[in-house]
Ligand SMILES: C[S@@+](CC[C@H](N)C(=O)[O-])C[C@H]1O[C@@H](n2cnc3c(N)ncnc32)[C@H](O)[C@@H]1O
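Taking the form predicted on its own, here's one chain by itself in structure tokens.
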């Protein structure tokens, strides 16, 4: 079968998900936009090898090392590399075994495991250097989105949200976890792109060496508070309080969540480059999206207010007329990203 510029053979013994082609397209666009020609790449969970092959043929990455602990997957990955005439080292080993045995440092690392990436982040940091680009996928979205709160505490050390904000909160928990582990290796984390779609979340970040960079990103971790009564929220940088806070809008007690990443999710210049060359609709949505923490879901807000349904486009227009910034969001097809407080959003709905 063909995908992008790659041709691969697959069978039922080796995992290949055709529904994830859109995410692979986004990853190719990301590497093309950021500039990856000649840079070394580790595909830490290679499976069929489709991602690494596409990165080589479409982004001109340099030296490739592809890992898979499954013997049949390793064999097929090596076969597909030969089929595409891609020179690579394909190893039948685990991430832990490889990173503990090598002195290699990689410019780009793709980590796309089955389920949670959390067990592998620590070991991945051993083969990172200054400027390393990490592309990390999480498919344990039920955990990150709060359906299994105890599992999120165990895997990510964070308390999730299980409401209309769960997708963005989950992505910010993933960012936070990467940043906290990276800080232990004296790396700061710079977010470049974050995607939450279907059954996955994907974080694209750059690492920066040094104590100052590590401290700066560590301080960007913080705590959130969500008001069940009015839908308001607040984020506080620094791990100082959880929660015991009162909603500034309606004075109700707030539900605490986190630690989470409280800063920017995107690199705006990079997104502009990606939007010019990508056919994936979610990239264009993110390119237009206001990069502020959290959003307001119109169905959830109108339900709380006992109001009829209202178009998010109409609310965006009303908020802009009042001088606020407002856009749609990737996290909710009926959501609104805005710098307006919940009181102004409520007024816009009630107009």
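Bear in mind the structure is a predicted one, so any value in this text is a computation, not a measurement. Residue numbers count along the first chain shown, from 1.
The same protein also has a form predicted together with the named molecule, omitted here; what follows describes it.
Have a look at 105-113, 156-164, 216-224, 141-149 and name the one stretch with heavy atoms inside 4.5 Å of the named molecule in the predicted complex. Flagged stretch: 105-113.
Counting only heavy atoms and a 4.5 Å cut-off, does the named molecule in the predicted complex sit next to every one of 15, 68 and 94? The answer is yes; 15, 68 and 94 each reach the named molecule.
Whether residue 27 contacts the named molecule in the predicted complex should be assessed with a 4.5 Å heavy atom distance threshold; does it? Heavy-atom contact with the named molecule at 4.5 Å: absent for residue 27.
Determine whether any heavy atom of residue 36 comes within 4.5 Å of a heavy atom of the named molecule in the predicted complex, and answer yes or no. No, no contact at 4.5 Å.
Going by a heavy atom distance of 4.5 Å, is residue 73 a contact of the named molecule in the predicted complex? The answer is yes: residue 73 has a heavy atom within 4.5 Å of the named molecule.
Using 4.5 Å between non-hydrogen atoms, is residue 283 touching the named molecule in the predicted complex? Flag for residue 283 set to no.
Find the only residue in 61, 294, 50, 301 having a heavy atom within 4.5 Å of the named molecule in the predicted complex. Looking at the other structure, the residue within range turns out to be 50.
Which of these residues, 200, 120, 266, 236, gets a heavy atom within 4.5 Å of the named molecule in the predicted complex? It is 120 that has a heavy atom within 4.5 Å of the partner.
Let me know which residues along 20-45 have a heavy atom within 4.5 Å of the named molecule in the predicted complex, or say none if there are none. Heavy-atom contacts to the named molecule in the predicted complex: 24, 44, 45.
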